[in-house]
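Read the single chain below, which is given as structure tokens and is the form predicted on its own.
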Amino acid sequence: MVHTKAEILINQMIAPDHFKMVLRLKDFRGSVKPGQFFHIRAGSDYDPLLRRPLSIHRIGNSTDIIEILYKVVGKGTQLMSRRSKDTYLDVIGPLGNGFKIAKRQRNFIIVAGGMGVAPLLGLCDELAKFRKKNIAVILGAKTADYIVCEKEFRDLKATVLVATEDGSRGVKGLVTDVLADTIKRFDLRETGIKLGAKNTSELTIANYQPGATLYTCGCKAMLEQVAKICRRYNLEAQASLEERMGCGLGACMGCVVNTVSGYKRVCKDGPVFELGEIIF
């Protein structure tokens, strides 16, 4: 973790109210992991007072270059959207615990609800480095205008499914409406069905053996439904949680979440948790 300045190399709108920012961290020589975040001072002074916790969207060829994906939802992110190239942000990070990558696994499912896509593209970058991998990505949003990063996931050779609430793109509905069918495409048995198979009728919950690891990020309502589906199929899953934060360092206890082993801090103990550990 460092407290440093970050030079803005790119700050551009990629969808309505959605911005991608590319930063160069000054004098940074550490490591950055998918799922971690930076605590960023949005303005040039102390207004607004609190920093904004923003997930690492992508990691550059050198770890001093990172991408941030953010949505304008309040004063802080509004200020960030107006920041110009070649100016600097005050940042602390990388913070928190990132995703644990099951290196022996070759089948992965990524479920992104809305801005939940932010920490998942960098994760997909890492997963795509594996040979003989299968990556299924489910992207969800209210309308087609808010589906972001679809091309980037496809460029990583992932199979991408899209769900929109109004049906303007892909399946009409929620990501959870297509998740179960996606899970059924993976089977650990040698005689089972692999990703891309057309006939999944022979798979039942009774004989299903999970052969994939799932990663997800989105609103609590979505995560709760994803957790239920994962329990149903006995599927290992990790979730990056979105919570308001104060200090970002684990001191203020402002971002606690209830788990099977008691309350934990999203900023310090997370933001990535085993999905089955969370009590909704």
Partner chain sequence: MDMSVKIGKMKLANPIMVASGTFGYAEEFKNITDLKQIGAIITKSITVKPRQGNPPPRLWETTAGLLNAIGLQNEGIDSFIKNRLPFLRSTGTSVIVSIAGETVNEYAYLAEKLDTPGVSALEINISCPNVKKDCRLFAQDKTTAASVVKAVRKSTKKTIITKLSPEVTDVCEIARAVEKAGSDAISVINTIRGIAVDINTQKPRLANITGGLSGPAIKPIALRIVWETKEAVSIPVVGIGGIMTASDAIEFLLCGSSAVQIGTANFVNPKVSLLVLKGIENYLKQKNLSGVKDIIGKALIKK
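Numbering follows the first chain given and starts at 1. By rigid core we mean the largest C-alpha set that fits within 1.5 Å across both forms. Just so we're clear, the structure is a prediction, and the values are computed from it rather than from any experiment.
Keep in mind that the form predicted together with the partner chain is missing from the display, and what follows is about it.
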Contact flag, residue 27 vs the partner chain in the predicted bound form, heavy atom cut 4.5 Å: no
Residue 244 within 4.5 Å of the partner chain in the predicted bound form, heavy atoms: yes
Contact flag, residue 33 vs the partner chain in the predicted bound form, heavy atom cut 4.5 Å: no
Exercise: residue 256 in contact with the partner chain in the predicted bound form, heavy atom 4.5 Å: yes
Proximity to the partner chain in the predicted bound form (heavy atom, within 4.5 Å), stretch among 244 to 252, 224 to 232, 211 to 219, 60 to 68: 244 to 252
In the predicted bound form, residues of 41 to 71 near the partner chain [heavy atom within 4.5 Å]: 41, 46, 47, 48, 49, 50, 51, 52
Core fit, then residue 44 C-alpha moves 2 Å or more between the shown form and the other one: yes
